[in-house]
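As a starting point, one isolated chain is supplied in structure tokens, in the form predicted on its own.
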């Protein structure tokens, strides 16, 4: 009997050591997204913020580059978070929203429509940057299945070592520095702060559209997103962020406008509002008109925050002790980083 117990104990200990070693190796080999491709950190960072959000942004780089939650708070007392990620496709956005609704119900969800131009999965690398940081649950499972490109395997998301086992030669200092720790957030409630000024020099001619309409698949996922918001009593807002490139076609704009009208939603094409917002693509862009720098993002957030408060009667939450403390800390970190980056330009 004693020998049997010892044998079982030995097997259990071996299993624990094996799984511990596999966990440690997986943690080491998975990309950390700290010094390169920092956008890959955004999905996981959402779970570190425990404050409530009256406004939740979902979408691609045109939200995490162009809106400042710090500005929305300091100007209007609107608590917000950006659940953005690089090339976040519409099914990703749907499931990230579904995931967020497990723990909070914002009053307004803002969706940036640029990614509607993609009707099919595009890139495993961008899938990973969006999905690896999601917590496991029904939403993550759905997002993986909806977005896998040809040749991807669901089990490689369950066991990332299957995907990253050959990454030994690519390991760098950040892999060891953040092996078992997350480190300081790279974002400010999902916003990636950039201070570079790279003026737009010209407007390239857009490619001719083969099909003038947005893909049916994308519009079906937008329909699901609108339904999810309605079921939860959330106002859905559709936006197109200011940009020169990628080109936003009038035909696509008309498709989104028609969808918004049919569903009673506010849709605003901010490209057409540049003058009202005060955006100047000579001073307010960090990459020649594709994304805004912090100066442009603050302008856009001031304008948009005013519109949100007027249209949706959002309360000014300043005066809430817990929120004041959280945003005071966030603002201090934001201003410190803004100064550091400005001095480094």
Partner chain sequence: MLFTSWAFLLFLAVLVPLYYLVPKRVQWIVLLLADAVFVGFAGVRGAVYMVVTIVTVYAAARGFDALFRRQRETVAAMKATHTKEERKKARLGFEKKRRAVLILCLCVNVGILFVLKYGAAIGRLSAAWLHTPAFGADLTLTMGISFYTFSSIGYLLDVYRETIPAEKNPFRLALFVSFFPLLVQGPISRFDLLGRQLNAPHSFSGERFLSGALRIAWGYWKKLIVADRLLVAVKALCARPAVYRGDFVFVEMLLYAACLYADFTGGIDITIGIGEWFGVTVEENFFRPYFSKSISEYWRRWHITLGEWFKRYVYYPLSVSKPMRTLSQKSRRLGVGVSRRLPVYLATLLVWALTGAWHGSNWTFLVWGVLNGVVILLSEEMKPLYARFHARFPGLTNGACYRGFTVIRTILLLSSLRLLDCYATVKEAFSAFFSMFTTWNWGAVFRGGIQSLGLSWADYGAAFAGVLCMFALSMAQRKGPIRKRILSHGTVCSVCVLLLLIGTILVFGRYGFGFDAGQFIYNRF
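Numbering follows the first chain given and starts at 1. As the structure is a prediction and not an experimental result, all values here were calculated from the model.
Note that the form predicted in complex with its partner chain isn't included here; everything after this is about it.
For the candidate set 272, 251, 184, 153, a heavy atom within 4.5 Å of its partner chain in the predicted bound form is found for exactly one residue, namely 153.
165 is the sole member of 165, 135, 107, 263 with a non-hydrogen atom lying within 4.5 angstroms of its partner chain in the predicted bound form.
Between 212-220, 157-165, 176-184, 191-199, the stretch whose residues reach within 4.5 angstroms of its partner chain in the predicted bound form through a non-hydrogen atom is 157-165. Using a 4.5 angstroms limit between non-hydrogen atoms, residue 232 is distant from its partner chain in the predicted bound form. Its partner chain is not shown here, and in the predicted bound form it never comes within 4.5 Å of any heavy atom of residue 323.
A residue is said to contact a partner when one of its heavy atoms sits within 4.5 Å of a partner heavy atom; residue 7 meets this definition for its partner chain in the predicted bound form.
Mapping the unseen interface onto this chain, residue 75 falls outside it, with no heavy atom inside 4.5 Å of its partner chain in the predicted bound form.
Taken together, the three residues 11, 22 and 169 all lie with some non-hydrogen atom within 4.5 angstroms of its partner chain in the predicted bound form. Residues of 112-131 placing a heavy atom within 4.5 Å of its partner chain in the predicted bound form: 124 alone.
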